[in-house]
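There is one chain below, alone, in structure tokens, taken in the form predicted alone.
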Amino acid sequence: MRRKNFYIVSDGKLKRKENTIYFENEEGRRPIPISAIYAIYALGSLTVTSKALSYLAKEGVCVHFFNRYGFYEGSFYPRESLVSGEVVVRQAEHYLDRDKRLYLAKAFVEGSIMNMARVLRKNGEDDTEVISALQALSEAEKIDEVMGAEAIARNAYYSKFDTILKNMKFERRSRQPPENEANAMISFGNSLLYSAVLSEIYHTQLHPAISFLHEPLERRFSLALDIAELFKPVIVDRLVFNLVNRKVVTESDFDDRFNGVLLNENGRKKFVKAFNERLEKTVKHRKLKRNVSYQRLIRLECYKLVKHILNAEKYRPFVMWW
């Protein structure tokens, strides 16, 4: 049985009985065989019994928690089963060595810029301003200068959103809280993507807290932030354009009572359904010569990073080719 992501939008409880996890709420009890679970996204108020949590940990299932507003709160990250002391040591070396860290930070931003440009071109928009940020990136000698080049590209990229979005205004990027519907969808999508990247990191030998572009800090898995930069334009932004322009998500799917605009429960249900469909969507991989899902592309990016850290193959960032 192929394992799948499970998104729990309503309030309830996870319990274990023998080899099955049960989700219980006021509507009844739903069985979820453990062999069917890849990761769990808890978007409602979720209570998890100790037996269920222990079983999920044993089976290597990550559980990602979001608050009632759709903001990411944290993850239950089981003890790693693919631990490699050599990879962790080498990963730390690449963070501590200025040149090695700078190379990887630049690679992540280069891939992000190229993907932003690709998304603009697919939507009939000019990508000249976004691509021009590559010059600032090539000249960057410090991490904050790398971040500055990324900011230049992203501002140019966002300036095109009001032309691409046909039924909603974007205006500017706003967070915590989002000021309008388009920003609410982007913030929610980025939180889901961060969690999806973290799930893929778990299934590799990488340490999730040792990053290169974003500064490693306590209480966050910053490597997921690095890798997510590559996939935000490809997965989240394209999904937002699709949902808005096809009128799948409309103004009735939002709530503006909380000093900002957020997706309501119905809106979150629509978004997570489309997000999961996007993760499961496949493309023909140019190197592997077979179809791989978007979710698998994230895992492959992790593997490429491991090879680079172990000096087996120089890392080149994922750039959308289709």
Partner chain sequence: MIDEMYIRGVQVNYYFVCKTKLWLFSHNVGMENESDAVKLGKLIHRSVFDRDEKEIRIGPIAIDAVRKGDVVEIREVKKSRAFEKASYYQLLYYLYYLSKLGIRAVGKLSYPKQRKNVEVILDESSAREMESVLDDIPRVVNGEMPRPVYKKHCRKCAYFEFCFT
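Numbering follows the first chain given and starts at 1. Note that this is a predicted model, so its numbers are computed, not measured.
Separately, the form predicted in complex with its partner chain exists; it is not shown, and the next lines address it.
Enquirer: Of S81, S159, T128, N167, which residue is found within 4.5 angstroms of its partner chain in the predicted bound form when only non-hydrogen atoms are counted?
Expert: For this set of options, the contacting one is S81.
Enquirer: With its partner chain left out of view, which of H214, R90, R118, K100 would have a heavy atom within 4.5 Å of it in the predicted bound form?
Expert: Exactly one listed residue reaches within 4.5 Å, namely R90.
Enquirer: At 4.5 Å between heavy atoms, only one of the stretches 49 to 57, 292 to 300, 22 to 30, 262 to 270 reaches its partner chain in the predicted bound form; which one is it?
Expert: Going by heavy atoms within 4.5 Å, the stretch is 292 to 300.
Enquirer: Any chance K232 has a heavy atom within 4.5 Å of its partner chain in the predicted bound form?
Expert: Flag for K232 set to no.
Enquirer: Can you tell me whether V306 touches its partner chain? I mean in the predicted bound form, with a 4.5 angstroms heavy atom cut-off.
Expert: V306: yes, in contact with its partner chain in the predicted bound form.
Enquirer: Do L288 and its partner chain share at least one heavy atom pair within 4.5 Å in the predicted bound form?
Expert: Yes, L288 is a contact residue.
Enquirer: Would R173 count as a contact of its partner chain in the predicted bound form, using a 4.5 angstroms cut-off between non-hydrogen atoms?
Expert: No, R173 stays farther than 4.5 Å from its partner chain in the predicted bound form.
Enquirer: If we check its partner chain in the predicted bound form, which of the residues in 198 to 216 reach within 4.5 angstroms of it by a non-hydrogen atom?
Expert: The stretch touches the partner through H203, Q205.
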